[in-house]
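Alright, two takes on the same chain below, each alone as structure tokens: structure 1 and structure 2.
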Structure 1
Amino acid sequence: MTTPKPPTHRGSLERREQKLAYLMLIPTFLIVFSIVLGPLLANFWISVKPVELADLRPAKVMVNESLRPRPKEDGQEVTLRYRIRNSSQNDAIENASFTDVLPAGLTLGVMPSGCATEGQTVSCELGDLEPKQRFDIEIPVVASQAYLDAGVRPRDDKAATFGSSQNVLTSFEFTTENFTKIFNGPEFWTVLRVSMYYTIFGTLGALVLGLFAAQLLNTAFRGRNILRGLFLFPYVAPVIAVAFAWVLLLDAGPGGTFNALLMQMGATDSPINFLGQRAIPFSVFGLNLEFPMALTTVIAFEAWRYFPLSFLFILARMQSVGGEMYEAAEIDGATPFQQFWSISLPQLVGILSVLFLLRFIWTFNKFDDIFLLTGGAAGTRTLTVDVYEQAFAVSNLGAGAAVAVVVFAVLLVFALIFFKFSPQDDG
């Protein structure tokens, strides 16, 4: 007698279900692949290519047409001139050509070699164009009264141009210069360090503030919902709005409200440049130390803007903890702080560590906040801001992509750590 076994092949119903599932997932997969995963791979490609911002405008055949002299009377013989130019300074164009439709009433004379005509359409083969090359093609034409009456110029109908040029993005020319340049750059290690400071302290700040806020709103009282909504404002409002509000608030020049307040209160004699000053020197016990002013302000902004999120999660977790444990602790005579340390915090460790890891990665990825607050000046340039600076301020796309590769590599390390130590799903 044979023991019954579960079926090893998939039944038709199961296959149909699987097909339907794939069908439903294909659109998502396609768009995510083309906009997220594709560019991610393309970024590696660009990082090993000598590509500048200007290379994005591909070499094109420029054609400028005119009649000289301008015809004034019926039957006048004039010259139709095409000025041909290669728009690129560096790249040649192969098999260049153009076609152009002339206005009615122009009769074409003898065509130069390479050019042909069909009705009112002129088409010319130009061969290969060197970088920056320019030359003219001239064709004799006779203007008729019909042309003069119509008032249409040849250039009103632009010539269509063709030709293929080497695009540095698709060529097989590689270089490691981008990486050597960024690793040997004077700023790189500073940038990496600033990035880590910003990420660690920004994340911790947001978590601690969130924990505090959650403690405040964990008890029921009138107006709690209003306060909860209010506490979420920094996160919900657009980053441009709040960032510029902070910039104006902390302005060190005349018109800066916060500095005016501090001076009025007698807390400081001269305005503090919160966002523009790299470091404030001070000494403790004879040690000369520096306080990183701008970086601290940027971290404070980060904590301010993202505490609502950790606050929401922690509050949700705290409200799901039953009251029995606290009642038991009360009977045992535990004081409120003891209850917080021994009951609340251990209950929150799960959500706190998940929040820490996710926020850590997101803070590391953050670009907008620092870019809008300081533009990366005064010792606040993080890796993400450096990507922008290299690629678009210095116009070296390759170097920017190389920094982006570094960002991604660091992130991958975080992600591995995250998956290794990821606690059971607690959110």
Structure 2
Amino acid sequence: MTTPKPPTHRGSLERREQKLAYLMLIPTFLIVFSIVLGPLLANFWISVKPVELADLRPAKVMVNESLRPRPKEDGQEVTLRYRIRNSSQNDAIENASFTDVLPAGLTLGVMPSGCATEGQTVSCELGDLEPKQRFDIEIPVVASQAYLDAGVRPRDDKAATFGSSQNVLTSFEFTTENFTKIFNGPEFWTVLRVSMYYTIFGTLGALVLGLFAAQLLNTAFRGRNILRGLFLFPYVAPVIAVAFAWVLLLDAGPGGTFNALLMQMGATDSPINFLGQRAIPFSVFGLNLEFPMALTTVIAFEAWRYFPLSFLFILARMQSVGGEMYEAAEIDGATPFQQFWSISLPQLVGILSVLFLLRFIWTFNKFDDIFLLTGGAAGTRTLTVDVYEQAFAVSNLGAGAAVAVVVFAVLLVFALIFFKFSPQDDG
């Protein structure tokens, strides 16, 4: 029978170092949680709450005080009026009350039920206030010359209010009403289809343009560095500037440069509303179809604006491939297309798959481009635009958060499928 060896000093030291390492990582975990997971969990929380913009402000006791009529002489009897109301349209306030310090020179008369005085301080117990409830409390007072000489009014010092109410954001009452509303909405599935169409073709367009630009600028020629810098312009320019430039170029009015060129060349008889026309009908093989004009224009803008990112990554990967392979292929009589298909493309599969994943996620979450170009009109309303419409235009934060949860679910499913079936880089 062998006796177990006692733990060595080295093993104990490693455990202490491991604990110290975890302790040092705690600030990092907290930062990640607060920046990434915190807003995500908050969005899930709001999505199961019937919360609107008005619910962000908790119910509060509002007190407005005044003297009626305004005293003008010593010893004049007037009425101190407190106008009480519940600021919330939906939530009640429990155990409401207020205290108010009156200016010197006002003598209080008979106090109404629920109110008491101590010196110049008035305290009133209001009980429970129903939503939208309003009422007045009137107290007779006598104004002295000292009050008139001071030149102050009761409203100059606001009353302190008290009370408790249930906040829909912090309560533990949940509902699926938001998801039921958006899924049963007449436009949800259309918006989801537009989002997928915009994301897939916008992503593929950016990758194809980036691949073409990288292939073009991978060959050495005079002025190549200057051209590379120019190719980065769409990506580094402010989105508000380039979007406004596209709106001016594609304007259907007299100032639209692109329409003016088309009409001068005889390509069209009338201006085309690129950003305002939902679809253009056409026939192919006896089939009546519609071309999504505004959506296609927005996709073209997406591909043009974000192809430089793909261009940089693809060009860097191309330049890491040795030139000996291309020289051998050229000696064997391979055409440029055959060299690209058999040598370049297999080396680019890995970087293209990563770019497709990143661009898909970013494009699916894209809001500013569409909003600046069309505002989500003319068949360009995507899920991210729908989040804005639900949360702020309709003032339904719960429904907007529910749409955001759908966006998260779609991207999560896509990422899982992508990681399972994504190709590997052969290089």
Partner chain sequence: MKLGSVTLFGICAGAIWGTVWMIVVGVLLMLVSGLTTQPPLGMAALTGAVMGVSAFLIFEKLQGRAQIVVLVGLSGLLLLVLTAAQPFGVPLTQVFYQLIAWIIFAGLLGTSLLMGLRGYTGEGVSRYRFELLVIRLLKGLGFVIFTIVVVLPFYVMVMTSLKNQQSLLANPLDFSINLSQGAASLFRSYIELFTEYHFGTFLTNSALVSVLTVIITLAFAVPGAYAVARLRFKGQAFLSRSILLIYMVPAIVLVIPLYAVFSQAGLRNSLTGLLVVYPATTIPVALYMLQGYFRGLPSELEEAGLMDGLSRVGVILKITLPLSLPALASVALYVFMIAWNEFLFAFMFLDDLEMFTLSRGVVSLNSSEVPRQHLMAGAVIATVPVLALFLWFERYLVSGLTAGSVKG
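Numbering for residues begins at 1 and runs along the sequence of structure 1. Quick caveat, the model's predicted, so the values are computed rather than measured. Think of the rigid core as the biggest set of C-alphas that the two forms share within 1.5 Å after superposition.
Check: Which of the two shown corresponds to the form predicted alone?
Finding: Only structure 2 matches the form predicted alone.
Note to self: Would E389 count as moving between structures 1 and 2, using a Cα shift of 2 angstroms or more after superposing the core as the test?
What the structure shows: E389 C-alpha, core-superposed: shift of less than 2 Å.
Next item on the list: Answer yes if the Cα of E65 shifts by 2 angstroms or more between structures 1 and 2 on a rigid-core superposition, and no otherwise.
Entry: Yes, the C-alpha position differs by at least 2 Å between structures 1 and 2.
Check: Quick one: core overlaid, is N218 moving 2 Å or more at the Cα between structures 1 and 2?
Finding: No, the C-alpha moves less than 2 Å.
Margin query: Fitting the two forms on their rigid core, what distance in Å separates the Cα positions of P131 between structures 1 and 2?
Written below: Its C-alpha shift, to one decimal, is 3.8 Å.
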